[in-house]
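Below, in structure tokens: the form predicted alone, a single chain.
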Amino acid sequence: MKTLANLSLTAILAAGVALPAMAEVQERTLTLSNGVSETHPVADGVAAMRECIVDKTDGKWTLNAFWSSSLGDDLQATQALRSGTQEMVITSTSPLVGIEPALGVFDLPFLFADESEADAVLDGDFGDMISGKMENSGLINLAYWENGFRNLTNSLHPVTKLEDFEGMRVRVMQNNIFLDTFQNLGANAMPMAFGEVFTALETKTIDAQENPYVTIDTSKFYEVQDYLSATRHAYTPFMLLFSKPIWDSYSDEEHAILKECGAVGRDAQRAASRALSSKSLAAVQEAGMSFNEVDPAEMERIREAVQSVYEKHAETIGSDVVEAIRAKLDEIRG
């Protein structure tokens, strides 16, 4: 009987320890918005993240995703996070430089040579440093997902040399680095929210836009653009952002779930994005777009034309930030 009593006491104590741990994960419904369509590889990442969340919370959390800027553009959705009225947004870093100027480092032209360089920078100490800066603006970065290398489409002519940019009305994201980059190339850079781009191209308000192949394909820009040129002029990541006011109301266990599942989604999304990129390039050509590479010598002229952008924006971005990413890239490149 004494042994049975001891076992019962042990069970009660164990239950007493376990109950608070289980209570750390509460019933929650999470709203996530983004600007791309549900056919974009972001959807693969969201699906993987949702599965992870359901598993880690025993089904206590529901993740509702909204597509194609249906809850507002990237900046509007990010402001909703800062005010604590929405949980998550997947957004390119570029529209957020007004909130955190250091994000402008990812807009610098021809920064990364390939995806492996980008991964090493974003998933390492430098990426952690940038994520830390976001907390001061009421935002938690759970992980860096992939937007990818950006390429130019237009309705005028193939871009094969520097002079082909002259006078071209190019939609760019709403930040000064992209504006200056294309103005230095001789284009007429026009800032515009992503959700407005298709109509502006269709009505000839603008001549051109620049995005990764997957976005060009899933957004059906081939319906309103004739030419695609492989400029690879910028690699801009997505950030999976969470509202810090809401984050602060969550438990440490819930924080860990969000971080872990954000990384699971990141890996799935990057894999899907890279697998789809070449397929998207083939698909837009099959749909009628004319594609061209740019001769290396001409590409070097294009790069030289935008080098002043680094010096001009170093102070705004933070000279220490620019120096840190250059040092990291030098380390990676050996």
Ligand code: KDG
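Start at 1 and count along the sequence shown; that's the residue number. Since we're looking at a predicted model, the values are computed, not measured.
Another form exists, predicted in complex with the ligand; not displayed. Remarks below refer to it.
Legend entry - Segment assignment from 244-252, 225-233, 115-123, 168-176: heavy atom within 4.5 Å of the ligand in the predicted bound form: Looking at the other structure, the answer is 168-176.
Legend entry - Single option in A143, C261, I90, V214 placed near the ligand in the predicted bound form, where near means a heavy atom within 4.5 Å: Partner contact (heavy atom, 4.5 Å) among the options: I90.
Inset, instruction - May I ask you to state whether V306 is within 4.5 Å of the ligand in the predicted bound form, using heavy atom distances? - result: Flag for V306 set to no.
Inset, instruction - Would you check, heavy atoms only and a 4.5 Å threshold, whether G35 touches the ligand in the predicted bound form? - result: Yes.
Legend entry - Residue contact check: T153 to the ligand in the predicted bound form, 4.5 Å heavy atom: No - in the predicted bound form, heavy atoms of T153 and the ligand never come within 4.5 Å of each other.
Inset, instruction - Check whether F194 has any heavy atom within 4.5 Å of a heavy atom of the ligand in the predicted bound form, and answer yes or no. - result: Taking the distances in the predicted bound form, the answer for F194 is yes, it comes within 4.5 Å of the ligand.
Legend entry - Contacts with the ligand in the predicted bound form - residues in 55-80 whose heavy atoms fall within 4.5 Å: The one in contact is D74.
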